[in-house]
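Only one chain comes next, encoded as structure tokens, the form predicted on its own.
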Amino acid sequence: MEGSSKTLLQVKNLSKKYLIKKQLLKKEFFYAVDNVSFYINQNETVGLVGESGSGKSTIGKLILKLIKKDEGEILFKGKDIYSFSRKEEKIFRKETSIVFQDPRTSLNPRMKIFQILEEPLIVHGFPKKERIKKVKKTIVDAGLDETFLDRYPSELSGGQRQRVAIARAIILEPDLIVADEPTSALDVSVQLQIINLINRLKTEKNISFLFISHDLNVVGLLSERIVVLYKGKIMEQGDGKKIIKNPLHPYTKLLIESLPPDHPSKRKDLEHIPETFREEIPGGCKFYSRCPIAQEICKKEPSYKKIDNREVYCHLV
């Protein structure tokens, strides 16, 4: 899908493959990301949702140049990130950031919280007085007070550690943050607090988010638009509320069906979609082997259809 003049990030035909078998005259590759295209506008949250192994985190790493792409383009503010000069690369590193899934492993256990937050400021050459001021302000922006700055990560709860991770991500005032399952390791009550924090920071600091999750409930609370991923391929993307309320792709419907109802009494009203398992067809629809409505035509690769301001990867919608 094409963005607008307010587009911050544009991903075009992005692919990442890994060699899994090498023979004398033949190589076999696994596509972790397969010809993916989407965009993120300024001050917008886009949800990237799919099962484990669908390629969500790989896309996040590709966008931040933590791993190299094989094909396609990634445009940040209209310029290909692989054409950056050294100066532009440094600016890109300042204007983008990431929040990892598990703060227990993403925060250095040997550093106090003040040191963790100060580190990116040192890397980017901020003077000492400004570093102290920004660290104190940022910890408060993340919903903690200054007393936490003298503690180690091991002295904090899971929710507090994730707030520190978010504080580290926003301290350089980035334009884009990749949030890679930032609530999945937290209790449900704490998840809602982190969701509210992300929404507040987006509004107050004009930050765009790529919010990666397997949980459509969480993604639906945060995202203006949703991208549904399966085996590295986009199945459906478009307006978040429309996708949650009226999913078009069979895979999106299966994801929606897997969500628990608001009340146990509503379980009987759930539409049951029988899931099938059949042999995969090379060159066919990615979802063919599991699709409950697959037909003969699905043995061929579908093109993207534009329906109700959405893009859907399916022959049958």
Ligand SMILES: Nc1ncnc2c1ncn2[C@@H]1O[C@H](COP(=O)(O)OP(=O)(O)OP(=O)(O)O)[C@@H](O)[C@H]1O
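So that there is no doubt, residue numbering starts at 1 and follows the sequence shown. Remember, predicted model here, so these are calculated numbers, not experimental data.
Omitted here: the form predicted together with this ligand. The next part is about that form.
Q: Considering non-hydrogen atoms and a 4.5 Å limit, does this ligand approach G53 in the predicted bound form?
A: Close contact exists here: in the predicted bound form, G53 approaches this ligand to within 4.5 Å, heavy atoms only.
Q: Indicate whether this ligand has at least one heavy atom within 4.5 Å of a heavy atom of F29 in the predicted bound form.
A: So F29 does not count as contacting this ligand.
Q: Answer with yes or no whether T58 is in contact with this ligand in the predicted bound form, where contact means some heavy atom within 4.5 Å.
A: Answer yes; at least one heavy atom of T58 falls within 4.5 Å of this ligand in the predicted bound form.
Q: Should E95 be counted as a contact of this ligand in the predicted bound form, where contact means heavy atoms within 4.5 Å?
A: Close contact is absent here: in the predicted bound form, E95 is far from this ligand, nothing within 4.5 Å, heavy atoms only.
Q: Please pick, from E181, D141, D239, E73, the one residue with any non-hydrogen atom lying within 4.5 angstroms of this ligand in the predicted bound form.
A: Checked against the cut-off, the match is E181.
Q: Would you give me the residues of 189-226 that have any heavy atom within 4.5 Å of this ligand in the predicted bound form, in order from first to last?
A: If the 4.5 Å heavy-atom criterion is applied to this ligand in the predicted bound form, 189-226 yields nothing.
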